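Below you will find one chain, with nothing else, as structure tokens; this is the form predicted on its own, and questions on how it binds or moves follow later.
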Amino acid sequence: MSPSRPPANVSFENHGRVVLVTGASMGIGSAIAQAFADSGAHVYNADITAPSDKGGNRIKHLSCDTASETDCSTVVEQVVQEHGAIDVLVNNAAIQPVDSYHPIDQVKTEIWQRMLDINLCGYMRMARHVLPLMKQQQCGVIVNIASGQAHRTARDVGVYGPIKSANVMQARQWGVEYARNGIRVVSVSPGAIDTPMVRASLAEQGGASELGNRHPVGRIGQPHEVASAVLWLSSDAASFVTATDLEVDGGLGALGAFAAPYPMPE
């Protein structure tokens, strides 16, 4: 039986909502930004790199290194100046350098420090600047993009996995902390998703098709499938969902198959 492919146009109405997505110039972040734009939102892409595809007039690129407090503050201020609100923050910007694929005693200090600055502290910086506004609004949603490696691991991902597990706990803590302010905070943990980063990582290790065969659904995921999950979690349809994590991994985690002999980044 061939694996089914869900439609790529699943969306929720977001007309007029203001959405800030970090790291949306490519991969999963790009799919999330485009999905929000297609559903009617005003979308800002906070990324250190400009996208090759501008995404139309509903996606505006703002140069931002989330390792910089000044950049994060400036981006939030600009969005507020233009729209007066931020309804959804998607913390997505993250890195997983090839040089980090080693046991922790073999990873250079500057590499894991940079990963901490972006993958963990970057999420906190953006949230710290957005939360006061959401508290004033008495509403808002923050989505942290974590990873299947937050829940299970493999060899040689001793930096990325622990940081991603912290992204999950950030969402749980913030979700509890700010529920009284009408703010929901959740995390999404993608499994193996068909992005340039994943294909490059797997090129010499069996390829995406071999990894796809490990999944109960018979394939790896597509970026739009993660985007659909984020749209649902950000919508009123998920109004009773907060301080939790959603794994979007085609059932791979249920098999414990992350104990593969190669790393599987999101």
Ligand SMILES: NC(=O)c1ccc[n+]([C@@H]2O[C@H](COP(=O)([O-])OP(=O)(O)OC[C@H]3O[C@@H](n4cnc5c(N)ncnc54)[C@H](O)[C@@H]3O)[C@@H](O)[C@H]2O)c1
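Everything numeric here is computed off the predicted structure, so don't read it as measured data. All residue numbers refer to positions in the sequence shown, first residue = 1.
Beyond the structure shown, there is the form predicted together with this ligand, which is absent from this document and is the topic of what follows.
Undergrad: Let me know the one among 169, 120, 179, 95 whose heavy atoms come within 4.5 Å of this ligand in the predicted bound form, would you?
TA: The residue in contact is 95.
Undergrad: Is residue 164 close enough to touch this ligand in the predicted bound form, meaning at least one heavy atom pair within 4.5 Å?
TA: Yes - in the predicted bound form, heavy atoms of residue 164 and this ligand come within 4.5 Å of each other.
Undergrad: Using the partner position in the predicted bound form, report whether residue 65 sits within 4.5 Å of this ligand, counting heavy atoms only.
TA: Output for residue 65 is yes: heavy atoms within 4.5 Å of this ligand.
Undergrad: Please determine whether residue 196 contacts this ligand in the predicted bound form, using a 4.5 Å cut-off between heavy atoms.
TA: Taking the distances in the predicted bound form, the answer for residue 196 is yes, it comes within 4.5 Å of this ligand.
Undergrad: Is residue 147 a contact residue for this ligand in the predicted bound form, using a 4.5 Å heavy atom cut-off?
TA: Close contact exists here: in the predicted bound form, residue 147 approaches this ligand to within 4.5 Å, heavy atoms only.
Undergrad: Pick the stretch from 139 to 147, 171 to 179, 81 to 89, 104 to 112 whose residues have a heavy atom within 4.5 Å of this ligand in the predicted bound form.
TA: The contacting stretch is 139 to 147.
Undergrad: If you apply a 4.5 angstroms heavy atom cut-off, which residues in 168 to 193 are near this ligand in the predicted bound form?
TA: Heavy-atom contacts within 4.5 Å come from 190, 191, 192, 193.
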